[in-house]
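Here you get one chain, nothing else, as structure tokens; it is the form predicted alone.
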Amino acid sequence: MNARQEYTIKLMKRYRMSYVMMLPYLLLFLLFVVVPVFVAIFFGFTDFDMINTPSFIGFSNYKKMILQDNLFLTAFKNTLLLATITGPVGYLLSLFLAWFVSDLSPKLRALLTALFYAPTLCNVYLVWQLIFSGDSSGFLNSWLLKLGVINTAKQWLTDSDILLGVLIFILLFTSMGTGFLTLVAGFQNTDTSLFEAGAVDGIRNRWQELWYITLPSIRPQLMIAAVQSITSAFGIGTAIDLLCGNPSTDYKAWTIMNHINDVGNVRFEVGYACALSTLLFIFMVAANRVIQKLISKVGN
């Protein structure tokens, strides 16, 4: 046993009560997160319909995914597009809004934080359906008709030419989730003495403070918010069903999550659905690794 292992064991003994307190959560996490991931990876190599015994078929599901399933290619393209736009943009939006509200007075900060976070607590998609309703009584259509901007009501959520842009706008607006609150907490807990030391070392403006002091100080919060942003960006599915229907017009907003639900819950091709889920999981892990490397360069 080397010195590092001995030191680790010594720390575990010292903080054994902390591990005991963490044990219920760790057990639940293992049971409902870790185990299902490995089970899904296993079933991805089988032909399974939830009735008959699974039969091992190797990489056939993955070959089918790439060579035979044209709808998967559509879902992959749409997921990549939505994740590339809503993930980074939503993350940066959360970051700068959290930075903005952190400098306000406590009462105003609490009010704005609640306003930004409120859409994640209510059925916001019902509100957007009312705003983007395709008839002339829809909020947006009625105003545009009155102003003479359009002559006929626009089908915002069913017109294949515009629904993807409208969906991206809505997803960005509703991206102020737990990651936003995490960043607000991070900004509030930054050691103010660091700014005084930074001024002595030559930092002269707020942008330099943000890059060289604040962001390096809240790297853990940055990472938590990034993981949540990536997970929600790649896992978009239910919101599309609520807004655009299932399936969306011409599958313009069909994502991998929609495809997994269709394959697994409608067709009962559970083995193939697990292969799709495994691929999506790999993309999420890869994106998290990239983000982790980028965040490690903050302040350098």
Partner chain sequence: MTSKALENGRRSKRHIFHKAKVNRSHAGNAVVFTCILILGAFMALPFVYALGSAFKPLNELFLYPPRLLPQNPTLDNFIGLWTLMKSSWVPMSRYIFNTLLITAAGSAGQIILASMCAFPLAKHPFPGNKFIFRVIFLSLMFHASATAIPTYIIMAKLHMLDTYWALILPACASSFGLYLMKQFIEQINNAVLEAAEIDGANIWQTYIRIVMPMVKPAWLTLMVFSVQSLWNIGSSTYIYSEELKTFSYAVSQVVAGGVARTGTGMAISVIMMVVPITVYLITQSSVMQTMASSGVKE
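Source: prediction; values computed, not measured. Positions refer to the first chain, counted from 1. So that the term is clear: the rigid core is the largest set of C-alpha atoms that superpose within 1.5 Å between two forms.
Here the subject shifts to the form predicted together with its partner chain, a form of this protein not shown in this document.
Student: State yes only if every one of N61, L95 and A153 has a non-hydrogen atom within 4.5 Å of its partner chain in the model of the complex; otherwise state no.
Tutor: Checked in the model of the complex: no contact with its partner chain for any of the three.
Student: Given that the partner is absent here, does L73 sit within 4.5 Å of its partner chain in the model of the complex, heavy atoms only?
Tutor: Contact check for L73: no, nothing within 4.5 Å of its partner chain in the model of the complex.
Student: Answer for F45 alone: is it within 4.5 Å of its partner chain in the model of the complex, judged on heavy atom distances?
Tutor: Although its partner chain is absent here, F45 would stay clear of it in the model of the complex, with no heavy atoms inside 4.5 Å.
Student: Although its partner chain is absent from this view, report whether D159 comes within 4.5 Å of it in the model of the complex, heavy atoms only.
Tutor: No, D159 is distant from the partner.
Student: Check I240 for me: does it contact its partner chain in the model of the complex (non-hydrogen atoms, 4.5 angstroms)?
Tutor: The answer is no: I240 has no heavy atom within 4.5 Å of its partner chain.
Student: In sequence order, which positions of 28-67 have a non-hydrogen atom within 4.5 Å of its partner chain in the model of the complex?
Tutor: If the 4.5 Å heavy-atom criterion is applied to its partner chain in the model of the complex, 28-67 yields L28, F29, L31, F32, V33, V34, V35, P36, V37, V39, A40, F43, F48, M50.
Student: Just checking, between this form and the one not shown and with the core aligned, does I66 shift 2 Å or more at the CA?
Tutor: No, its C-alpha moves less than 2 Å.
Student: Honestly, after the rigid core fit, is G202 moving at least 2 Å at Cα between this form and the one not shown?
Tutor: Yes: G202 shifts by at least 2 Å between this form and the one not shown.
Student: Please say whether, between this form and the one not shown, the C-alpha of S105 moves by 2 Å or more once the core is aligned.
Tutor: No.
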